[in-house]
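Take a look at this single chain in structure tokens; it is the form predicted on its own.
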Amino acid sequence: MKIRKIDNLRFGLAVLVLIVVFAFVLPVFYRVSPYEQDLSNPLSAPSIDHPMGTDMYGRDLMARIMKGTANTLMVSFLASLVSLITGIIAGVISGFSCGIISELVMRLADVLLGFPKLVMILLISGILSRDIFASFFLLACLSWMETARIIRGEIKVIKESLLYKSLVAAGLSFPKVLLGYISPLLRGKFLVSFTLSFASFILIEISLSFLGLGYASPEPSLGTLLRQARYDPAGSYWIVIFTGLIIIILVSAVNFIADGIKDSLEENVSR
């Protein structure tokens, strides 16, 4: 059982590293523009010149998938990081404060959780459809509630422990207690929340781009590539196959990492 859990984490990390290399390193050697059009060669099947074929404008699909994967990874990573930091700050404030401040933070989280997330996503993206980073920054700021609840609950438990009480009694400052003793205990929770948010934001970005609310043309993302394929899914099967394969592998790798971290935490607790 232990081997399976470790393998999940290692396998997910290995696959994610390969995808990152494909998206950010390989374009250094595969020097084909993802934007250059060749209208004399549209929807060309995979060949030596174009290993993954071309799209309807004759653009090299492999170059566009590499650039699209990089764009999807970059914006999803940044959104997950903002969401995690916001959730940690809110959770710490609510966990250590008493009375009205703690209640205000949690009531705000309850109010935001009450809104349908899909409606919020469509509304924000519709208003800021030309600025994908601004859209995801605002979305990340409205996606911190689950992380804040988890951190708040863990801090409430830690505050009742003998370790925390002895540290306070010893006269240690709050920053030293928080960064030196509490943060290491919550590190696993941080990683799980981040990886789950990362996978969620990847799917959100792909969905929004597919609906035309993400990256604007001609900038590629995995969602915009799928949207182009729908116009001729049978005749341009290579677009669906290669883009869909990258999406499945990417999301599965991140989920494997999250499961591996979560299983490792549960195993440590059981000990």
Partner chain sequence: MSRDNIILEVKHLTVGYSQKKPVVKDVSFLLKKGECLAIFGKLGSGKTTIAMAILGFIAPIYGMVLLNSINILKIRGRKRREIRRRIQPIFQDPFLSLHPMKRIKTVLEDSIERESGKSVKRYLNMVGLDASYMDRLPSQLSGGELQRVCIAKALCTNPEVLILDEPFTAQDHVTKVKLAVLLRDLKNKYNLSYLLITHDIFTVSFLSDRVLLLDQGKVTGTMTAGEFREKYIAEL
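Numbering follows the first chain given and starts at 1. Treat the numbers as computed from the prediction; the structure is a model and nothing was measured.
There is another form of this protein, the form predicted in complex with the partner chain, and it is not shown here; the text below is about that form.
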Students should find that, of C98, V111, V157, A170, the residue having a non-hydrogen atom no more than 4.5 angstroms from the partner chain in the predicted complex is A170
Answer key, the partner chain contact in the predicted complex at 4.5 Å (heavy atoms) among Y181, F77, F137, F190: the residue is Y181
_Check R107 for me: does it contact the partner chain in the predicted complex (non-hydrogen atoms, 4.5 angstroms)?_
no
Worksheet item: Is L185 close enough to the partner chain in the predicted complex to count, meaning some heavy atom within 4.5 Å?
Response: yes
Determine whether any heavy atom of I127 comes within 4.5 Å of a heavy atom of the partner chain in the predicted complex, and answer yes or no.
-> no
According to a 4.5 angstroms non-hydrogen atom cut-off, is L163 in contact with the partner chain in the predicted complex? yes
Assert contact_stretch over 88-96, 149-157, 171-179, 197-205 against the partner chain in the predicted complex, heavy atom within 4.5 Å, equals 171-179
